[in-house]
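Take a look at this one chain, the form predicted on its own, written out in structure tokens.
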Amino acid sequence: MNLSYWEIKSWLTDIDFTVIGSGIVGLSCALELRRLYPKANILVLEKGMLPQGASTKNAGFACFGSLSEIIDDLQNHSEDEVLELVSKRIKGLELLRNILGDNAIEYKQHGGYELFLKQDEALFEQCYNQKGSINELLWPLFETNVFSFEDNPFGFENIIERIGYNKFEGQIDTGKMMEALLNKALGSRIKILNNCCVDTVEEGNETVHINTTNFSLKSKKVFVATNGFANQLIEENIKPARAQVLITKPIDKLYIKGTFHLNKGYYYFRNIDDRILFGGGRNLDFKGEETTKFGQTELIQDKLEALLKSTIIPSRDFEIERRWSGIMGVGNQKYPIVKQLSNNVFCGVRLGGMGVAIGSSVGRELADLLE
């Protein structure tokens, strides 16, 4: 790359901390580093024009897990572990709201709902019967019952008429959240370079050598915060998981308000700007969606549209305005990986589809590894 003396001197020299990835985790890490080390030279490298993975492409759910998700988690984790997972999500959401403020992210607590298709009667019965024990499990965190069931108030069709309800769930504007984080980082003298793809990270004697597609640089410490793309740089128990999303054009007098889960959270939808944002379907093709390639498939998009027509807004005409996808990082455990990899390289990855909830706290924990 044809870099000048001034460019190298101002942006790529004497770097104390380099954060790879400018999503929720990366920027939260950089902001915490700035708080801990006010005079440090901090650089953030981002492969995309905007944060590329899931931070600007998620559905904006401020949630900590639906009833069926928590019951499912208990199949692979102990009660104490599940309680800790939910606690981390709650505290992470509180941290995000405290850092940016509810107005900046358009936080709205409309509540969360869980739908059960008629063919999912066994799942409904399981959730209905275990509601009491899950509420008891979560009582230390909320000091009240979290989950309840009520009649279908939204006119959904082809579902079991009793739907789950959780008054603590909220929603945010993902774009405004990331804009606020970026502005806060820039205002804190954190340098951000976009369209800069990191190829390798190599530990040296006292510094880390970072090779990008455009240039190379040295940094005293490096923090990998690329979540679903992490295995391109480090070897950890994490794999990518693509999430496909669509959004309708505005719908006149849209009566749906809240965040909604379906089929253990594999489908999810919400209202935004008089539209329905609907995503999911990874369970239709787990292997095919284990990819870092953005894009859509007919299998999943057709299913999303079919559910819109048959279940979510069956009596309304609608048009799809846009489709996109994001890349999450998942593994065989729900816990994020926040650890020191070598003398000068650290990582905060595997957010398991809960980036909005835990991204801020994971970023802070990542920076705090230096203490």
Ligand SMILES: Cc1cc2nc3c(=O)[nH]c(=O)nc-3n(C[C@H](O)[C@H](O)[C@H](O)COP(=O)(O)OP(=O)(O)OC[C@H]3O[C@@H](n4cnc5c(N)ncnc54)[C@H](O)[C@@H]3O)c2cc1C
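All of these numbers come straight from a predicted model, not from anything done at the bench. Each residue number is its position in the shown sequence, starting from 1.
The following text describes the form predicted together with this ligand, which does not appear among the structures shown.
J.: Closest heavy atom of Ser66 to this ligand in the predicted complex, within 4.5 Å or not?
T.: Contact with this ligand, no.
J.: Taking any heavy atom pair closer than or equal to 4.5 Å as contact, tell me whether Phe61 reaches this ligand in the predicted complex.
T.: Phe61: contacts this ligand in the predicted complex.
J.: Looking in the predicted complex, any heavy atom of Phe229 within 4.5 Å of this ligand?
T.: Yes, contact at 4.5 Å.
J.: Quick check on Phe116: any heavy atom within 4.5 Å of this ligand in the predicted complex?
T.: Answer no; every heavy atom of Phe116 is more than 4.5 Å from this ligand in the predicted complex.
J.: Only one of Ala40, Ile327, Leu308, Val338 has a non-hydrogen atom within 4.5 angstroms of this ligand in the predicted complex; which is it?
T.: It is Ile327.
J.: Can you pick out, from Leu233, Leu74, Ala104, Leu83, the residue that has a heavy atom within 4.5 Å of this ligand in the predicted complex?
T.: It is Leu233 that has a heavy atom within 4.5 Å of the partner.
J.: Given the stretches 295-303, 155-163, 243-251, 121-129, which is the single one in contact with this ligand in the predicted complex, using a heavy atom cutoff of 4.5 Å?
T.: Stretch 243-251 is the one.
J.: In the predicted complex, do Asp173, Ile256 and Ile276 all put a heavy atom within 4.5 Å of this ligand?
T.: No: no residue has a heavy atom within 4.5 Å of the partner.
J.: Determine the residues of 33-60 with a heavy atom within 4.5 Å of this ligand in the predicted complex and present them in sequence order; the list may be empty.
T.: The stretch 33-60, when checked against this ligand in the predicted complex, contributes Leu45, Glu46, Lys47, Gly48, Pro51, Gln52, Gly53, Ala54, Ser55, Lys57, Asn58, Ala59, Gly60 at the 4.5 Å heavy-atom cut-off.
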